[in-house]
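Before any questions on binding or motion, here is one chain by itself as structure tokens, the form predicted on its own.
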Amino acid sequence: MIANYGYKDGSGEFYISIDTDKCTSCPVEHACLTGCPKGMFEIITDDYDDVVAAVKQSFRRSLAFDCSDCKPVGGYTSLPCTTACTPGAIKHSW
């Protein structure tokens, strides 16, 4: 299942998608928790009783602003959260 966290407004669509099937098979115990410099991720138990990563509620309405430090114009060549996610479960829509 793909879980989408984020929003759409007049300036675009800003979503972080997490493939929960890939997330449950994380070989490094959810490295995304420490990979994100802002600490945007948390571990939850989803509706199917799987332990997966999710974007914290406090960040879901401000992703464009909160992720801007890590986007390529912020000096990174790849995003820390997607690099830390070894199964490749995290994707950004913008």
Partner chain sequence: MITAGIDMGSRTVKVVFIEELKVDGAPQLKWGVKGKHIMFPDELDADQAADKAFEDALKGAGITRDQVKKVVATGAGRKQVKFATSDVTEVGAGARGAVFMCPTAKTVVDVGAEEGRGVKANAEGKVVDFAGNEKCAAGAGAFAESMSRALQLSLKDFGEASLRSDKTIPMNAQCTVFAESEVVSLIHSATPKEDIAKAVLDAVASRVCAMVRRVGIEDEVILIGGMVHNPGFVQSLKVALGVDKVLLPDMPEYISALGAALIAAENNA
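Numbering follows the first chain given and starts at 1. Note that this is a predicted model, so its numbers are computed, not measured.
The same protein has a further form, the form predicted in complex with its partner chain, not shown here; the description that follows concerns it.
Give a yes or no on whether every one of Ala3, Gly6 and Gln57 sits within 4.5 angstroms of its partner chain in the predicted complex by heavy atom. Checking in the predicted complex: Ala3, Gly6 and Gln57 are all within 4.5 Å of its partner chain.
May I ask you to state whether Asp69 is within 4.5 Å of its partner chain in the predicted complex, using heavy atom distances? Looking in the predicted complex, residue contacts with its partner chain do not include Asp69, since no heavy atom lies within 4.5 Å.
Distance check, Asp47 to its partner chain in the predicted complex, heavy atom within 4.5 Å: Yes, Asp47 is a contact residue.
Is Ser17 close to its partner chain in the predicted complex, meaning a heavy atom pair under 4.5 Å apart or at it? Yes.
Contact flag, Arg61 vs its partner chain in the predicted complex, heavy atom cut 4.5 Å: Because a heavy atom of Arg61 falls inside 4.5 Å of its partner chain in the predicted complex, the answer is yes.
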